[in-house]
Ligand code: CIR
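Next comes just one chain, in structure tokens: the form predicted on its own.
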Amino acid sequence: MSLHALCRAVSPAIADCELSFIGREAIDAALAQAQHLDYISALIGLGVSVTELPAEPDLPDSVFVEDTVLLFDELAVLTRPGAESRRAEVDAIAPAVQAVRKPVERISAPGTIDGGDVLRIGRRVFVGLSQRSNQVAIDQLAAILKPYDYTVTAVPMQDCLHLKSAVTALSDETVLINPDWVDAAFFSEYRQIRVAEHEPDAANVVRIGSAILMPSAFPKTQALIETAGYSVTAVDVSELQKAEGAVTCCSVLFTGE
């Protein structure tokens, strides 16, 4: 089985993106598109087979495909994003999802959930209780995943958009975490590496086998990860960060033939 990713090209309307925890800055769409291509190149360089879907001009946040679908080995779950303006993104990606995973389940109203709030480590699924994801959706997800022997845990969080803004997995045994944004006790069974001081946004990284893909904006945290024995590829995603994006949100990773 090899590793694949669904990605979507940057919308030319990305400057009109949703924002919750950061102020609006001017976004250079052309630069964002170039950085996204570099991101895809980095994925390919790490052995990922990438399918890039075309840009959606009317959906400013659509590059952040992670929020629209949860891909497990056994099934796919289409989400219902917390921001109403983003819900059309789910129907836009559904055909690509159906081509790579069946069955396909779906979160329904009044549940809301963004994929950025969902962290899977082995058979454990942690879901952030955030401005975008609510308990109704978490209960739905738990019911959907129960036949497949996943355990779903709701995790309160604060001061950031998504759970994976605050914590991601470096391996099945280790997490990278900002304990100011999420209670580290929820991850007590894992070894914890804390983000470097003055780099609060650095916890969002993509795990690709034994390698780590992360933004180049956090060199101190990168050094901590490398000291822990991980190989790190750093990419400049500064324009995407202005849209409250990060490296996990620009791809949906899954295994396949």
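This is a predicted model, so every value here is computed, not measured. In case it trips you up, residue 1 is the first one in the sequence shown, and so on.
From this point on, the text means the form predicted in complex with citrulline (CIR), which you will not see here.
- Shown here without its partner, the chain carries Glu18, Leu161 and Cys249, all of which come within 4.5 Å of citrulline (CIR) in the model of the complex through at least one heavy atom.
- Stretch 161 to 169 is the answer when you ask which of 161 to 169, 72 to 80, 133 to 141, 179 to 187 has residues with heavy atoms within 4.5 Å of citrulline (CIR) in the model of the complex.
- The closest heavy atom approach of Glu244 to citrulline (CIR) in the model of the complex falls within 4.5 Å.
- Although the partner is absent here, Gly116 sits close enough that one of its heavy atoms falls within 4.5 Å of citrulline (CIR) in the model of the complex.
- Although the partner is absent from this view, Glu56 stays clear of citrulline (CIR) in the model of the complex, with no non-hydrogen atom inside 4.5 angstroms.
- Although the partner is absent here, Asp61 sits close enough that one of its heavy atoms falls within 4.5 Å of citrulline (CIR) in the model of the complex.
- Heavy atoms closer than or equal to 4.5 Å to citrulline (CIR) in the model of the complex belong, across 73 to 94, to one residue only: Arg86.
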